[in-house]
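Before any questions on how it binds or moves, here is one chain, the form predicted on its own, in structure tokens.
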Amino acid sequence: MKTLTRLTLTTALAATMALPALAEIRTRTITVSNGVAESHPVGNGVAAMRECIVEKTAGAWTVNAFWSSALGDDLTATQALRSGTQEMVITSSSPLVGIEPALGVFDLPFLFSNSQEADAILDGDFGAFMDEKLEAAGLVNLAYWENGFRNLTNSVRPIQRLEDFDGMRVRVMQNNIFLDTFQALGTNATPMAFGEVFTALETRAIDAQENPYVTIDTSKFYEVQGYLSATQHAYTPFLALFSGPIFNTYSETEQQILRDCAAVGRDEQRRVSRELSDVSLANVQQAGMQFNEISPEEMDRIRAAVEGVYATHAESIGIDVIDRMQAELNALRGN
């Protein structure tokens, strides 16, 4: 009888302890927007994040995802987060430098050598340092997802040497670092929202664009572009951003669910992205794109042509930000 009483009390105590956590999870609907197609690895990440959220909230939360800029471009969506009219966006860091200039550090040309280096920086102290800056702008970065190394496609000629960039009309993201980088290479760089790129290429309003292989594939740029060159000129991450004003209305339990599940989505999205990168490269070649790599000697010339971009944007990004990034990269590389 005493044993039964103890078991009953223990069960009751456990149930009582669980009640506060359950009570802190309200019924919610989370709207997530993105500029890429659902077939992009971000779609896999969102699916994994949604499954995690449904499990941790016992179905109390609904995650509605919108693709291909259906709710507006990434900058528009991010502003909606800041005003508290939308919950979440998964966006490249590059369109957001007008909101937080320090994000421009990720746009500097030839910053990372490989994806492992990028992961270590983004998931470590430097990533947390950038998160604090975003919070001051009304944005909560739940996790860094992968956009990947960017490469150039065009409808004019293969890029085999520095001079091949001359006069090419290249769409760049809406920030001055990409603009200056491609102007330094001799192109006629044109800032443009991602959702407008396919039509601009199709109508020949522009000649070229630059993105990772997976985005080139899933966006079907092979339908309007003939050449793909492995420039690997930048690695820009995706950020899984949540509205600061809305996040602050959530309980600590709910906030932790968001962070945990965004990390689950990150891991799945990165895994799929890296597996699909080679597949996407093969896909676009099979679809008719001519692919070429660039010799080490010409890559050295290309890197030299854009070295001045670091100095030009040091003040706007923050000299302390660039110095911190370079110090952490040097430590990773054993320099």
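Everything numeric here is computed off the predicted structure, so don't read it as measured data. Position 1 is the first residue in the sequence shown; the rest follow in order.
Beyond the structure shown, there is the form predicted in complex with D-xylonic acid (TK8), which is absent from this document and is the topic of what follows.
request  = Just give me the single entry in S92, Q86, S229, N175 that has a non-hydrogen atom within 4.5 angstroms of D-xylonic acid (TK8) in the predicted bound form.
outcome  = Of the listed residues, the single hit is S92.
key: D-xylonic acid (TK8): the contacting residue among S243, T187, Q225, N211 in the predicted bound form [heavy atom, 4.5 Å]   = Of the candidates S243, T187, Q225, N211, N211 is the one lying within 4.5 Å of D-xylonic acid (TK8) in the predicted bound form.
ask   = Heavy atoms within 4.5 Å of D-xylonic acid (TK8) in the predicted bound form: does F194 have any?
value = Yes, F194 is a contact residue.
ask   = Is there any non-hydrogen atom of H233 lying within 4.5 Å of D-xylonic acid (TK8) in the predicted bound form?
value = Heavy-atom contact with D-xylonic acid (TK8) at 4.5 Å: absent for H233.
request  = Would you please decide whether T153 lies within 4.5 angstroms of D-xylonic acid (TK8) in the predicted bound form, comparing each non-hydrogen atom pair?
outcome  = Heavy-atom contact with D-xylonic acid (TK8) at 4.5 Å: absent for T153.
ask   = Taking 4.5 angstroms as the cut-off for heavy atoms, does N147 touch D-xylonic acid (TK8) in the predicted bound form?
value = Yes.
ask   = Just one of 165-173, 258-266, 245-253, 179-187 has heavy atoms within 4.5 Å of D-xylonic acid (TK8) in the predicted bound form; which?
value = Contact criterion met by 165-173 only.
message = Within 4.5 Å of D-xylonic acid (TK8) in the predicted bound form, counting any non-hydrogen atom, which residues from 233-256 show up?
response = Going through 233-256 in order - heavy atoms within 4.5 Å of D-xylonic acid (TK8) in the predicted bound form - there is one hit, F238.
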